[in-house]
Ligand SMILES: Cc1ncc(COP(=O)(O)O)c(C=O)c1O
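One chain follows as structure tokens, the form predicted alone.
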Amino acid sequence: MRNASGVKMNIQNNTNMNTDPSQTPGEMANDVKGEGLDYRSHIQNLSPNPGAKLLRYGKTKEGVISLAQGEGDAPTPEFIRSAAIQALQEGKTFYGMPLGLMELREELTQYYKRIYEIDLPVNRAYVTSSGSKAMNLALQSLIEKGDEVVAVTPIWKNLLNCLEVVEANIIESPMDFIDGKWSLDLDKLFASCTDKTRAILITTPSNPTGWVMEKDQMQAVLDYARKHGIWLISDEVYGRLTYDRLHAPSFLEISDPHDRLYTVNNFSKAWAMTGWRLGWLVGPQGSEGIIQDVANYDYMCPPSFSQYGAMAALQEGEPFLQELLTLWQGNMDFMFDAFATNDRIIAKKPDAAFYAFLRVEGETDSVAFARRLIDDYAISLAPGSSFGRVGEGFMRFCFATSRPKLEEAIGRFMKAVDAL
């Protein structure tokens, strides 16, 4: 059987899909989480992640092009792999320190000096087993049950679920979407805060919008946080994925060592290391002991040999990153040239990252649209409702892929839009 795009589809996986076609057959037994078992109620009742479910569903369908996940299709470059392989061959496979190898922590401080012109002491830089783990360590060190965390949305759904896991009271502070561009109204952000607000969570550059927070807004937010004793958690994992400058602004450039500030980062995006699960956290002066304790009891230490690959990425990775940015810039230009041929597509080029966060006029249910794109056009995108309430009606389209794959995906997507 062929779908509307002419791609042969395997319909066997649609059988016994119950009433929710985004479920795979292997998930059917787990439809009711923890049924009959006495798990913690708030873990059983975590809000669903429709984007993750649809991503899995798309992967069960033959011939589907998936641009729903935040990664490209380039493998980790050879010089990074070789460094890790050499570490393996040398037997560097033992337990390490909870906050990472001292050599890698020192390399991070050199990286900040070289790229950001920041003098960061090594006792503020902590290696973690993924950027997600860096976020979790920050939250676990700060959040008591019921603490309010104001999250600027749209935002990656996993971060909202991380807040649920630590039993925070989540306050979404939505950005404005005006004339195709996203912007942050600081008055609205500050109005979302109360005397119960423990932290403000900001992703800059933004996943999924590609919006970049400039230093004047950062300074205003930092001043407000200082005045009210609020922590700032800045997810800066896309900080090097900018097209008009060396890096996006970082809160670290304007903060003092004792500010209540965590910045989260990872090796995944800039150096094609998504599967390596390595990241880092920068905390304020005096945070080393508490983060070490949380890390020690959470996962003991980051994997040892892979950290040598991370050191190679920091030391030698600039040419590779520039190659990626050149590819992505060309992909973005191609994509938006195609979008411009249909007035129903509402989107403008992002300032950073590798996503188009777009809206198609008339499509208000992003999950239903994403499901239809998989079933009828063999293309998998992330539904905007996965990024907070303000994201409903939007779709996230990752363009960090090869040009032939992108061209085919764009062709299928444009057929879907033209058919509306």
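Each residue number is its position in the shown sequence, starting from 1. Computed from a predicted structure; not experimentally measured.
Absent from the display: the form predicted in complex with the ligand. The rest refers to it.
Can you check 284 to 292, 94 to 102, 123 to 131, 72 to 80 and let me know which stretch has heavy atoms within 4.5 Å of the ligand in the predicted bound form? Comparing against the ligand in the predicted bound form, the contact stretch is 123 to 131.
Work out which of A225, V237, L261, V150 lies within 4.5 Å of the ligand in the predicted bound form, going by heavy atoms. Of A225, V237, L261, V150, the residue with a heavy atom within 4.5 Å of the ligand in the predicted bound form is V237.
N266, S250, S173, Q307: which sits within 4.5 Å of the ligand in the predicted bound form by any heavy atom? In short, N266.
Candidate spot W156, T203 and N207, all three touching the ligand in the predicted bound form (heavy atom, 4.5 Å): Per the other structure, all of W156, T203 and N207 touch the ligand.
I'd like to check something about R277: if you look in the predicted bound form, is any of its heavy atoms closer than or equal to 4.5 Å to a heavy atom of the ligand? Heavy-atom contact with the ligand at 4.5 Å: present for R277.
Determine the residues of 378 to 415 with a heavy atom within 4.5 Å of the ligand in the predicted bound form and present them in sequence order; the list may be empty. Nothing in the stretch sits within 4.5 Å of the partner.
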